[in-house]
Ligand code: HEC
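Before any questions on binding or motion, here is one chain by itself as structure tokens, the form predicted alone.
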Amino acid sequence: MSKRYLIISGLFVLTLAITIGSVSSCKKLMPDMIDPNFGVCGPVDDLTNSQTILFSRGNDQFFAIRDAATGLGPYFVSNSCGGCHSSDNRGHPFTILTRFGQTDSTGNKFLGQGGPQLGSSNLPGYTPEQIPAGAASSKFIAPITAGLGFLEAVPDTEIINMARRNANNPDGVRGHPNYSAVPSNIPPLYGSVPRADGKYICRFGRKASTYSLVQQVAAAYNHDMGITSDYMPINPYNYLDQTAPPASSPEVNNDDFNSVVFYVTCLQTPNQRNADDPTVKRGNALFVQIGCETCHKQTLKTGYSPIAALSNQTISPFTDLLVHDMGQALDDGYTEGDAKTSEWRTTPLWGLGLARNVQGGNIYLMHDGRAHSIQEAIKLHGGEAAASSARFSKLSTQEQNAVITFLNSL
């Protein structure tokens, strides 16, 4: 055996030992990753080989770190999509989003002054961004991105029908689709038809003001990272710095952009755990009995999607994709689309039980993370949800715990 081979072999063994030691050390330093079988970071089933490759590319782009050379800034919230949507793609107060603008539904009056989102960080040489005087503002935590492609595939007709079925609800639950103007360069969704005023049903975002995942990804690049695309080519510069020129060409190319859209479209949905547990079953029954299921619909059916794996599927998102008046305590004085300032989209509950694992052992619920337990979040439900919240408070301790156990199984 040659000396060269012995040296190479020795280096290999040393490298392997260092690698194993590093991995062991990382386990002590890094939190445990969520089991991919829970469907929060992997692709949906039944993708083709080419679609799986595209999903993988999108995953790489989703977590790619951007800098000034790759278009970041000058104002931004995070330097990657994964910075706001880590682990199971759920947000955290460390990267909270501050929206500002109009106080009614007539349109954002501060788009020329840095709106609609505050860049909480900036590149060197730029004056930190400030919220303009007189602008209403609200803080949002980025929602979970798992299952978004399924929600996009829910037909408009189903959303409209869910609103109509609330017409005589005795608890006063109504809810309505949030119609919003959509830029002409955003591709229309299959089967989506505008209202007489040209506005479309939107379903993404805390106030359901975003039409599609193409628009959502474009807005995330633009507002969260200051990166332009063909769909949002104008950078929302700070209103104190009007000298900065617009980008001469999109800062994210279409191939990378489309791969990210495909990635978020094809993320799996979280699986329910312990569904057959008697306490979970009891909690589910109580959840329906006290009226929570009126808005947090347990099952929806998707329609046609150009991605076959998403077409005609029964899903369990626990949302009706409508906006509801949640009462004075949750009125943030800010609105988007047709939503009033106290109206919020019904947040999907799938993955709720995984939230604590990816939020540092704590939990941050509601649109701004103000609730630190499921019980606290339920108590904050006012307006159309007040009757259900009151019924929960009247349950026995054992019954309340059953409801919480059920919600933690999602």
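In case it trips you up, residue 1 is the first one in the sequence shown, and so on. The model shown is predicted, which means the values in this text are computed figures rather than measured ones.
What follows is about the form predicted together with this ligand, which we do not show.
- Not displayed here, this ligand is kept clear of residue 229 by more than 4.5 Å at the level of heavy atoms in the model of the complex.
- For residue 152, no non-hydrogen atom is located within 4.5 Å of this ligand in the model of the complex, even though that partner is not displayed.
- In the model of the complex, at least one heavy atom of residue 205 sits within 4.5 Å of this ligand.
- Residue contact with this ligand in the model of the complex: residue 129 places no heavy atom within 4.5 Å of it.
- Stretch 91-99 is the contacting one of 274-282, 91-99, 186-194, 156-164, since its residues have non-hydrogen atoms within 4.5 Å of this ligand in the model of the complex.
- Taken together, the three residues 54, 268 and 310 lack any non-hydrogen atom within 4.5 angstroms of this ligand in the model of the complex.
- Screening 182, 141, 315, 136 for any heavy atom within 4.5 Å of this ligand in the model of the complex leaves a single hit, 141.
- Just one of 295, 300, 201, 339 comes within 4.5 Å of this ligand in the model of the complex, counting any heavy atom, and that one is 295.
- Shown here without this ligand, the chain has 352, 365, 366 in 352-366 lying with a heavy atom within 4.5 Å of that partner in the model of the complex.
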